[in-house]
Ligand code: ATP
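Take a look at this one chain, the form predicted on its own, written out in structure tokens.
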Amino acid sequence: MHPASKINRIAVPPLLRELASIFNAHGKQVFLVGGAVRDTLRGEKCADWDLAGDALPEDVMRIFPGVIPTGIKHGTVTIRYKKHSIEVTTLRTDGDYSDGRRPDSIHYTSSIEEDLCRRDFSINAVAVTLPDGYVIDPFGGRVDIEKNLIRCVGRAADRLNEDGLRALRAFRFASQLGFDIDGELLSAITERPQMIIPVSMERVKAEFDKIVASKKPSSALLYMERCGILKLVLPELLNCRGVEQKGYHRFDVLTHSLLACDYAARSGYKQTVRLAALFHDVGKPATAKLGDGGVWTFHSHETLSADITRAIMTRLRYPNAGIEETAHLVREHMFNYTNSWSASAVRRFVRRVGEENLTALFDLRRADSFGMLGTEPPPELSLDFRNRIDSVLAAGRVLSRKDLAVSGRDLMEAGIPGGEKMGRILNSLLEAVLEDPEMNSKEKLLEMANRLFCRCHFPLSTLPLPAALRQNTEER
């Protein structure tokens, strides 16, 4: 493919030609804009299209059935056409941005060049005429795409003053596209990082989530550190800079965490694993102690790291399910399996971690291992443990109370009333079966339940566990 700066015309997908012909039949002009143009000029395939044209929202709603008024206040509606959702925005110019987010007023225009003036970066300020595919590039976006450069449309300080989130957007594009940040833009962000403070956490979270989901999250995070924004958005992560961990580790805690997150990203691990890789050691600064021989220790840092992870993600308005899954992975990442573990110890580990979380936890272990030295972990890492888990579960998959051969109803029919006491009895039955799967028969469990119930004159806390459980010290 020719360099982007020399491309004057692109091939327009048939569906967009159809849409353009419908607009044209009603006397309206329409252009392809935004990321689809940028990615097409980079040689990437794109099926997520945004259009801009001289049709007003009410015109679009008259022309097409079932239009969704997704942002009608600012001239944006969404067309559903042949199973595609396509945003259409009326060409406009923007007034002042007194709230640092949205323009106070908008004015519709018929000029695509005027509309492109309000865009944030030159790489996003390129349009394509429809249906013929000619490129309109008044701000040199094609040259910047060729240079792998993120540069503002006009003065960087002006664009950042309009919306404080644009600094994070610049960093996000750097990590997504592998681009550099223009010097003027970088200086403008560094001079006033506090522009991010008024931005809502929901918007910050949306950009941060895209950074973590990008090809190389560390690109954005290092820019954030350099410009002073990391201190404002993720101070807990910045606290990890300079925290040495000589021994098995080559890098300080922050560099280690960034490497782990990058490894999770390029390995295609799911988002909660990437987040866990980034945050799994945020408790180390507060737990660091210099031990014998000048080696730093971080005892129980995983517990504090899980608490801090939960606090960070709550602050960023992540959904509860994602928060709990990520914090759980962080809390469990320090498992230390040896061949001396008994089958019951393996079952208890799986029960605690959750069978559904095993793959994610082993992925996190690989990312953590990479971050120690910056080298690829061996393919067999944790393989013995995986195989052992498969073997143990094949012999007996009882991991929760629902897997027991008796239920609460069975206990009630045996004369044991419901309530807290029954819950403790069921937990004791589960512990017995985790220790010895052959205990999982209705007859044996009912007999054990009756023995436990007969001790009801003792406080609930004194209900005994089987002797074998009290002796089990194999799992650390």
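Numbers for residues come from their place in the sequence shown, where the first is 1. Keep in mind that what you see is a predicted model, and the values were worked out from it rather than measured.
Not pictured, yet referred to below: the form predicted in complex with the named molecule.
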{"item": "is_contact(residue 163, the named molecule) in the model of the complex, heavy atom dist at most 4.5 Å", "value": "yes"}
{"item": "Non-hydrogen atom contact residue 208 with the named molecule in the model of the complex at 4.5 angstroms", "value": "no"}
{"item": "Touches the named molecule in the model of the complex: residue 348 (any heavy atom, 4.5 Å)", "value": "no"}
{"item": "Exercise: residue 410 in contact with the named molecule in the model of the complex, heavy atom 4.5 Å", "value": "no"}
{"item": "The single option of 431, 50, 59, 54 touching the named molecule in the model of the complex, heavy atom within 4.5 Å", "value": "50"}
{"item": "Heavy atom within 4.5 Å of the named molecule in the model of the complex - residue from 216, 147, 118, 388", "value": "118"}
{"item": "Which of 64 to 72, 31 to 39, 410 to 418, 434 to 442 sits within 4.5 Å of the named molecule in the model of the complex, heavy atom basis", "value": "31 to 39"}
{"item": "Residues in 122 to 149 with any heavy atom within 4.5 Å of the named molecule in the model of the complex", "value": "124"}
